[in-house]
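Shown below, as C-alpha cells, is a lone chain in the form predicted on its own; questions about how it binds or moves come after it.
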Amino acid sequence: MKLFIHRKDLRIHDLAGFDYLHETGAESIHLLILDPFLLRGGREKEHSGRNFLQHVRRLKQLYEQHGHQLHIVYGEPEQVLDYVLEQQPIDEVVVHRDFTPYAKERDRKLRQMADQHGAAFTLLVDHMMIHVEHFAEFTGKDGYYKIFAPFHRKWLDFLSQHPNPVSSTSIKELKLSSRAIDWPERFQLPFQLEDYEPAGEPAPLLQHFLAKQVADYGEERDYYAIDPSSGLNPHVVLGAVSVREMYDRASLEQGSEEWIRQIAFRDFYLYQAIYDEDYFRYEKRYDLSGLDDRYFEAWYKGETGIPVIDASMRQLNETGRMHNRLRILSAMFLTKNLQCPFTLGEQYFRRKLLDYDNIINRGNWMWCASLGANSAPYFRVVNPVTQSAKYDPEGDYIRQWLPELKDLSIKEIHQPRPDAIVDLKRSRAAAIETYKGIVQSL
C-alpha cells in the first residue's frame, strides 16, 4: 500500500506522483495535510490562504466526482504521518519536492518518521519543466546560472533535446484504496472547508488565453490597465494546472515565445532556490541596518500620495491581484524610495497575493531591492510617475482604484499628490547612496 500526500499539486491528472503510483500498480491512500505553520496568523482569512483552501475544496470535489476519497486533515505533518503509518499497512510514502528551508526540514522529519515505521519515502519533482540534476549535467557548467538570459537560452536548448511531455495518467488509472481511516479529534479542521467556494477551473482560462491573447502578450504584457495576462497564476502556484500542459500547448501557438519565457523565469527562481545557498538568507548577509519601517503602513494602506502606488495597493488589498509591472513599481518604491527592508513587503505579499509562492515572491522582491545574484543594479530606481504615464496613458487604472482622482486630467492624474510622503527625486538620490552601501556590505 502506498500513501500519496498532496501539496502544491492540487489536480488529478498529469502528476509525476501519479505516474509513479501507476507504474507500481499498487493500491494507494491519498492525503492532504493542512499544515498549521503554513496557515498561521489567520492566513485562512487572507487572499492567499483563501485561494489555497478554495483549491483544496475543488480537489476534494474532483476526487468525489470520480468515486474516491481524499483524506484532508489538520496537523503537524510528521504527527499525521505517524498516525497513518500506525493505522495502515503503508510500505511507501510518495510526495512532491519543494525547495524552501521549511519544506526541506519538514521532509527530513517525514523521512525520519517513515524510516521508523519501515516505509520508504520517495520525493519526486513535479512543478518544474526541467529536471534540475539532468539540466546541471547538460550544461556542463561549473556552478549554476546566476543570470536569467543565459539560463533561458540553455533551458530552451535542454527542453528541445529532453522534452518533458504531458502525462496521460490521471486518477482514473490509479488503484485508490477504499480503506477507512478513523481520524482522531486532534486532526480535525479548525474551520469548515465547506465555507470556501471551490476554485474555478483553469482549463477555460488557458484555452481562451492561447486562442485569443498569447500572440499579443509580448507587446501588451506591461500595460496593466488592460491586463493581458492569462489569469492562471492563482492556479499555477498550487499546481491546479500543470506547467507541462501550459508549455506544450503554448508551444503550438504562433507568437507564444514571451509567455513561454515567463514559464522559464518561474523555473529560474526555483533553480536559484535550489543552488544559491544564500537565497533564503540574503537579508542576513547584507547590512540593512540603515533601513526602517517608518513608511511601511502608509505603503500597505495605499496612502503614499503616489497615485499608481496607492491604486495598486488598494487593488491588492481588495482583490489579492496585482499586475507584475505594478509589483515591480510598488516593491521598488517601498525598498528604494521609502528605504524599507524588503522582508516587510515580502511578508505582506505572502498574505495578500492570491498567487503567492514563497520562492517566486522572494525572488521578485530581492530583484527590486538589488540584493542577491540576479537583481537590478543598486542605482536602478524606477520612477512610478513616468511608468504610470507610459503603461496607463489615459489613467484608467488609477481612476478605477482611486475614484477620488477620477476628475483629474490625463497629465495631472499620474502626478504625486500634494501630501505625498516623499519627494521622488530626492528619495531616488538618497536610495542610490543607501543601496550602494548595502550592496558593498556583502
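From 1 onward, residues are counted along the sequence shown. The model shown is predicted, which means the values in this text are computed figures rather than measured ones.
The same protein also has a form predicted together with a small molecule, omitted here; what follows describes it.
Asks: Please tell me whether the candidate spot formed by 353, 356 and 365 is one where all three residues come within 4.5 Å of the small molecule in the predicted bound form (heavy atoms).
Replies: Per the other structure, all of 353, 356 and 365 touch the small molecule.
Asks: Heavy atoms within 4.5 Å of the small molecule in the predicted bound form: which stretch among 149-157, 317-325, 192-200, 75-83?
Replies: Of the stretches listed, the one contacting the partner is 317-325.
Asks: Among 124, 225, 232, 181, which has at least one heavy atom within 4.5 Å of the small molecule in the predicted bound form?
Replies: Residue within 4.5 Å of the partner: 232.
Asks: Name the residue from 271, 217, 282, 247 that puts a heavy atom within 4.5 Å of the small molecule in the predicted bound form.
Replies: Exactly one listed residue reaches within 4.5 Å, namely 217.
Asks: Does at least one non-hydrogen atom of residue 221 fall within 4.5 angstroms of the small molecule in the predicted bound form?
Replies: Answer yes; at least one heavy atom of residue 221 falls within 4.5 Å of the small molecule in the predicted bound form.
Asks: Does residue 266 reach the small molecule in the predicted bound form if we count a contact as any heavy atom within 4.5 Å?
Replies: Yes, contact at 4.5 Å.
Asks: Residue-level contact is defined here as any heavy atom of the residue lying within 4.5 Å of the small molecule in the predicted bound form; does residue 99 satisfy this criterion?
Replies: Residue-level check for residue 99: no, no contact with the small molecule.
Asks: Verify the contact flag for residue 361: yes if a non-hydrogen atom of it lies within 4.5 Å of a non-hydrogen atom of the small molecule in the predicted bound form, no if not.
Replies: Contact with the small molecule, yes.
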